[in-house]
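Here we start with a single chain on its own, the form predicted on its own, put down as structure tokens.
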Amino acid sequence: MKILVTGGSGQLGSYLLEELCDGHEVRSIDIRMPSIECNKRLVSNVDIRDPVGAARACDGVEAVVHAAAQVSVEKSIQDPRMDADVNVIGTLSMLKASADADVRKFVYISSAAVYGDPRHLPVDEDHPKHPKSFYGVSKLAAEAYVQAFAECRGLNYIIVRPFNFYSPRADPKSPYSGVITKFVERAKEGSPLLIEGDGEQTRDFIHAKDVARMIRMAVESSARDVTLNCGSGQATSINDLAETLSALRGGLRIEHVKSRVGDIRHSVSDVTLAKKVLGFQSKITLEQGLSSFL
């Protein structure tokens, strides 16, 4: 199958290129070149907001995996116009290019941020959508455009909503990096692990390799016009995360600092539908993922 991946230079995109290149003809676009040498031949410098570049990228492909996005909640709050420009207008550009090119399937990588504060746990795909950030709003708006293109242009789609994915390819220098990346960097330095608040808040952590594997299953499946959570289905408290990492490093000091304003208290995915539709379940345990990260 000929597949276009947007955002191939990103953390998830890099794993997608590796996953999909085994058995498929893959090309990718991004606004920056990948840091992984073997992926450089696959990525062209194209902005998803450029309709001409998007049309050229989609020409002749059978499936599009749209992973390119502005992914920082903090940046979305600082500059909501930029966030909407990339996540909404960029997605709209790729949708039109895909529909015009008669692409058979459009796989959109959304986010669990569309749910906001959970009203029940675990969070299933029908959970009310009430995002707490402009990032969550832009991802939800893009989902609506994906569904509208199915209605208006007959474009088959699958929407994937990853929960908290991590990997060694996340940028440790970024102030917007996730808690696992921050913890691992401090662990490597032998510095104390800093927990915001009481640490009893929970998250559903899944390795980016598992996310990429589920996306491949979505591309190759006959499923269409469905939205699926992507997570481990396991809730892990930040305290437990810190203790696991500390044990792997032979003991590290753990300190609590001021809690972050607006933080979601608990989050864990209901992955029943992904298992039913695709046969997917995560394979990499948190301890295995952290060990390889270190």
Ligand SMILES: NC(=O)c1ccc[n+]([C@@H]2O[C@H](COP(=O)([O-])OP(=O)(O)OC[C@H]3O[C@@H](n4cnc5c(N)ncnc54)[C@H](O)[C@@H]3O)[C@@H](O)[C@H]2O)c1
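Sequential numbering from 1, following the sequence displayed. All of these numbers come straight from a predicted model, not from anything done at the bench.
Although not depicted, the form predicted together with the named molecule is the subject of the following passage.
Contact annotation for the candidate site: Leu228, Asp270 and Lys276 all lie away from the named molecule in the predicted bound form (no heavy atom within 4.5 Å).
Residues placing heavy atoms within 4.5 Å of the named molecule in the predicted bound form fall in a single listed stretch, namely 155-163, out of 218-226, 124-132, 182-190, 155-163. Think of it this way: in the predicted bound form, the named molecule has a heavy atom of just one of Cys38, Ile31, Val257, Ala247 within 4.5 Å, and the residue is Ile31. Interface residue among Ala69, Ala242, Ala54, Val64, judged by heavy atoms within 4.5 Å of the named molecule in the predicted bound form: Ala69. Contact annotation for Val86: at least one heavy atom lies within 4.5 Å of the named molecule in the predicted bound form.
The named molecule in the predicted bound form comes within 4.5 Å of a heavy atom belonging to Asp47.
For the chain shown alone, Gly7 is a contact residue for the named molecule in the predicted bound form, at least one non-hydrogen atom being within 4.5 angstroms. In the predicted bound form, the named molecule sits beyond 4.5 Å of every heavy atom of Leu20.
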